[in-house]
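Read the single chain below, which is given as structure tokens and is the form predicted alone.
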């Protein structure tokens, strides 16, 4: 039984990663930002011990019994919700019954962290209902654990940190080993264009886990705790000691970590042409060394990268499909958007979903009057 209207709304953004792909689970560095698209969860309390959630994406509602220990095993999208609720149960929290209606303007399977947005949003719902919070870093880690244990995706910390800790107008520089973060101002002279390739990725299908295993193997063969511990200066002497494909996987991670630092420095200086060149190099590395791009993403990056007013374009997210992200001159944003739509339609053979966005705040609550 529910109350007649929702009591509060949780807004949980998606994210794009400007640079630093597949470095997070190698203890490396990343530079994502939250975007102004994501999920909205209209929430009201129930008078029983059940969580009931519906989505505008269709399908049956998700129902979870809150009065019993929640365990893994679901096969639907409710597994992400269940994982978060189980995390708060482990903390000893008594979660009251609630209903949530979820609406989204984020492409599912587009590599924009719809799963992390759902996890962080549900965590915020629980905290609002219970009138208490956990430390934001602990909250992000709880959401990451939910994805590991309940969805079977061995993701790093980037997505959950970005969705939880982001600040309006800033990218989030994350040291994935120390978990220290720094907010990097982006100013008002640039905008971000996101282009959906239309190829739906699924990180749980094995490709992501295979890349992670290859990186772990490379680090072990190099006798390093993680690939983060290999510097760009020493890489040329170490590279010949690795077999393939571990050599190429490691080369991507080592060079990508250097690119993240260089990009953050360029952003702080407002040197967007340099930042754009680093994005192009990142995409080439993801395509050739890490092999997580796809023909559609390659065609998008090539077509958009040729447009006046575009500093750089690269795939974003785990890969195997999903979206590309372009850093563009804000004063030419409308013209770039129109030119990108035409160029990508020609390159792909169909008109893609694309949108302009800016750096948004992380997950937050709107209380209804």
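Quick caveat, the model's predicted, so the values are computed rather than measured. Numbering follows the first chain given and starts at 1.
Keep in mind that the form predicted together with a small molecule is missing from the display, and what follows is about it.
Annotated contacts: 195, 198 and 353 are all free of the small molecule in the predicted bound form [non-hydrogen atom within 4.5 angstroms]. Of the candidate stretches 48-56, 313-321, 337-345, 34-42, only 313-321 has residues whose heavy atoms lie within 4.5 Å of the small molecule in the predicted bound form. Contact annotation for residue 146: none of its heavy atoms lies within 4.5 Å of the small molecule in the predicted bound form. Residue contact with the small molecule in the predicted bound form: residue 110 places no heavy atom within 4.5 Å of it. Of the heavy atoms in residue 174, none are within 4.5 Å of the small molecule in the predicted bound form. In the predicted bound form, no heavy atom of residue 150 sits within 4.5 Å of the small molecule. Residue 158 is the only one of 279, 125, 140, 158 with a heavy atom lying within 4.5 Å of the small molecule in the predicted bound form. The single contact residue among 208, 88, 80, 98, judged by any heavy atom lying within 4.5 Å of the small molecule in the predicted bound form, is 208.
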